[in-house]
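This document starts with one chain, in the form predicted on its own, laid out as structure tokens.
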Amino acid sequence: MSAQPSASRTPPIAGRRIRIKVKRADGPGKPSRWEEFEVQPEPNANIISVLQQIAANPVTAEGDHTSPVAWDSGCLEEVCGACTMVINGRVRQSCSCLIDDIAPAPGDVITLEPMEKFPVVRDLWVDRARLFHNLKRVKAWVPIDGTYSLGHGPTESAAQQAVRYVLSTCMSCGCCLEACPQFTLEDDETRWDTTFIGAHAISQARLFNMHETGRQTKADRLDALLGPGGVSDCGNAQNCVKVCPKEIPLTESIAAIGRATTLHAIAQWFSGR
């Protein structure tokens, strides 16, 4: 979801020079530092564009030669989720963040920081392995018994399709996790299975539980979400839904899974499991 310029905003000044302030670290566990760069953005440039300018000529605003800034990116069209970073204090996708919208005047400063909830690999590049690990915890996929043609898949109503489509647009970017007060940095991988799983995994569990084939492993997903770090650990801050670039109704998913896990637990109790 690209930033939309305000109707009352001053139009960007062509040929202006702005400053990019970057929080840098040379590797995992290394001390961080700030470096500033002066760039002249092209019209309609995004954050990735100015980082590429800096990479082509890595000289600070003070005239010191330095190493190119490291960041992660892939599609550059808000699909892959790789380029998430904290821009002017707000977590978002850097590919859809336009310079004209956030730094329209000469001398404007843009601050770039890596996400704090994931280990830093270098500079703005973080390791999102835990995010994908949590998707594995809830078996966020539709199981099949082979890659050969299985014929037509199960049909679903238009209403259910509309709900599932929105949920399916999740790109595992990590914005919801960065904004969540219950999801904290955890370097100890042995604790990943007992710490809060995050809104992204809860919403994906809902997506696949709604699928006729995915429903075969619904109980496994609900069991995982009933355990330590599951849906009950959500503090209902609702920060996740505010920062989601795809506007996925994450709080609705959390509520739906909360109801489903409650019914699942009651059914287990009556069945003696």
Partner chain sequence: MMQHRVIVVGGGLAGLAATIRIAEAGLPVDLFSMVPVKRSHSVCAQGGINACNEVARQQGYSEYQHFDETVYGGDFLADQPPVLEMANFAPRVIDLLDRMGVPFNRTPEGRRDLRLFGGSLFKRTHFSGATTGQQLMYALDEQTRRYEAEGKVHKYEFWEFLWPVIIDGRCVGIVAQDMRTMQIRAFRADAVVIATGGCGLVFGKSTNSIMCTGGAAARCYQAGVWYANPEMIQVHPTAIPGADKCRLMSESARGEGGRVWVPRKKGDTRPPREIPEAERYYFLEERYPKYGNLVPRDIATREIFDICVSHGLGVGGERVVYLDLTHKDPDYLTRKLGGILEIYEKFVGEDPRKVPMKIFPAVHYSMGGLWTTYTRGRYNPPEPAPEHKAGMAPPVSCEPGAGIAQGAPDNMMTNIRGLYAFGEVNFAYHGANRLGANALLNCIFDGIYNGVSVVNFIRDDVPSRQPAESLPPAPFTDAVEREEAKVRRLIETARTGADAQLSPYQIGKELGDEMTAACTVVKSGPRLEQCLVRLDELKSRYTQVQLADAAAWSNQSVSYARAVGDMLILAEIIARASLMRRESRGAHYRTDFPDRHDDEFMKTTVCAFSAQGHDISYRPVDAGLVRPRARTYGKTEG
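Keep in mind the model is a prediction, meaning the values are calculated, not measured. Numbering follows the first chain given and starts at 1.
Omitted here: the form predicted in complex with the partner chain. The next part is about that form.
Checked against the partner chain in the model of the complex, the candidates Met210, Val243, Ala61, Ala45 yield a single residue with a heavy atom inside 4.5 Å, and that residue is Ala45.
Contact with the partner chain in the model of the complex, judged by any heavy atom within 4.5 Å, is made by just one of Asp193, Glu156, Glu186, Asp108: Glu156. Not displayed here, the partner chain is kept clear of Ile102 by more than 4.5 Å at the level of heavy atoms in the model of the complex.
For Ala219, no non-hydrogen atom is located within 4.5 Å of the partner chain in the model of the complex, even though that partner is not displayed. Though the partner is left out of this view, Ala140 does reach within 4.5 Å of the partner chain in the model of the complex, counting heavy atoms only. Val69 belongs to the set of residues with a heavy atom inside 4.5 Å of the partner chain in the model of the complex. Contact annotation for 135-170: residues with any non-hydrogen atom within 4.5 angstroms of the partner chain in the model of the complex are Leu135, Lys136, Ala140, Trp141, Val142, Pro143, Ile144, Asp145, Gly146, Thr147, Tyr148, Ser149, Leu150, Gly151, His152, Gly153, Pro154, Thr155, Glu156, Ser157, Ala158, Gln161, Arg164, Tyr165, Ser168, Thr169, Cys170, listed in sequence order.
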